[in-house]
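Starting off, we have a lone chain in the form predicted on its own, written out as structure tokens.
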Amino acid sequence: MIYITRRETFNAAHRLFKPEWDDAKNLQVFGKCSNPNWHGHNYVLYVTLKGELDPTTGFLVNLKDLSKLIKEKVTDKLDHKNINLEVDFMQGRIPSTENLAIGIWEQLQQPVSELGAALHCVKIAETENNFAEYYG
């Protein structure tokens, strides 16, 4: 079993809040991340696949194919977007780093299997100090 990771980046805005709560309650629970005027991050995404090497190529998957897949399914949908308002796979979810990792996993799991590998981990860093990892 071999593991390989592709790193991608994107920039996006979001707001952590529950619409049924007033601004005071949202501020109490989510802090400055509940700013009604939004805020943004320079996200770093790590997508790790696992599987067996192709003895002909020495690859698990071609990283160009993986990069294209991540771009089509994830970063094109997120980059320079408002996650709350514009990202289809995040609708109905609080756009926390944890929920974003789960949403990205759901976007990639099936297409990655079509490349001949298994999705092992989605890691998303919101800041250099905060990140979430999801293993399905």
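Numbering starts at 1 and follows the sequence shown. Small disclaimer: the values here were computed from a predicted structure and weren't measured.
What follows is about the form predicted together with another copy of the chain, which we do not show.
Although the partner is absent from this view, K68 stays clear of another copy of the chain in the model of the complex, with no non-hydrogen atom inside 4.5 angstroms. Contact annotation: V112 falls outside 4.5 Å of another copy of the chain in the model of the complex, judged by heavy atom distances.
Using a 4.5 angstroms threshold between heavy atoms, D79 counts as touching another copy of the chain in the model of the complex.
Among residues of the shown chain, L119 is not one whose heavy atoms approach another copy of the chain to within 4.5 Å in the model of the complex. Looking at 111-136, the residues that come within 4.5 Å of another copy of the chain in the model of the complex, counting any heavy atom, are E126, T127, E128, N129, N130, F131, A132, E133, Y134, Y135.
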